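Shown below, as structure tokens, is a lone chain in the form predicted alone; questions about how it binds or moves come after it.
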Amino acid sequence: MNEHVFQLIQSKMRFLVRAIILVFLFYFMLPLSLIFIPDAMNQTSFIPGVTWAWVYGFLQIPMTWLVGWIYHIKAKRFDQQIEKIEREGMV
């Protein structure tokens, strides 16, 4: 396999591993925080009548959209780099 393709695959894998670790940490912190710091998570947040657990739970929705959007941008960039490598005949 060509060195350019190998480097591209390595950079894509680095990005995917980091993204997966970030997602798992973010999503598993809600149940873990409810287990280990329930008093803090049950306190009222800056929104009257809403606890920090609910705020954190609702933050998971924009987090999902953000990670999906970033992946979409990165995937397009990886595809463009593959097309460039194919056009230059480096494969």
Partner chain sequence: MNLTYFLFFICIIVCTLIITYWAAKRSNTTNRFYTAAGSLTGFQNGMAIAGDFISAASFLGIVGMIAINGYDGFLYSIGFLVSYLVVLFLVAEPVHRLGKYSLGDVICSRFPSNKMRWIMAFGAFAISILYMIPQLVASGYLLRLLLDIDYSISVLVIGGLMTVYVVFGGMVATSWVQIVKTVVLMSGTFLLSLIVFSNFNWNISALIDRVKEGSPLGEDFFFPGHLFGNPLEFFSLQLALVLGTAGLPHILIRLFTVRNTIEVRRSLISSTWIIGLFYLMTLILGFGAIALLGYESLMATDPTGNLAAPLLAKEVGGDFLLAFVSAIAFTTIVAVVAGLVISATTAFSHDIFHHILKKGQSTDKEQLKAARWTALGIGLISTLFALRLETINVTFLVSMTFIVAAASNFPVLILTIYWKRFTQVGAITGMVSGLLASLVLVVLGPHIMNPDGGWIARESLISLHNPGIIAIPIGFLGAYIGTILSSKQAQREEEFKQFFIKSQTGITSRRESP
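This is a predicted model, so every value here is computed, not measured. Positions refer to the first chain, counted from 1.
Below, we turn to the form predicted together with the partner chain, even though it does not appear here.
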query: Close approach of Ser45 to the partner chain in the predicted complex, 4.5 Å, heavy atom; finding: no
query: In the predicted complex, Leu30 touching the partner chain (heavy atom, 4.5 Å); finding: yes
query: Contact of Ala40 with the partner chain in the predicted complex (heavy atom, 4.5 Å); finding: no
query: In the predicted complex, Glu88 touching the partner chain (heavy atom, 4.5 Å); finding: no
query: Any residue of 11 to 46 that, in the predicted complex, places a heavy atom within 4.5 Å of the partner chain; finding: Lys12, Met13, Leu16, Ala19, Ile20, Val23, Phe24, Tyr27, Phe28, Leu30, Pro31, Leu32, Leu34, Ile35, Asn42
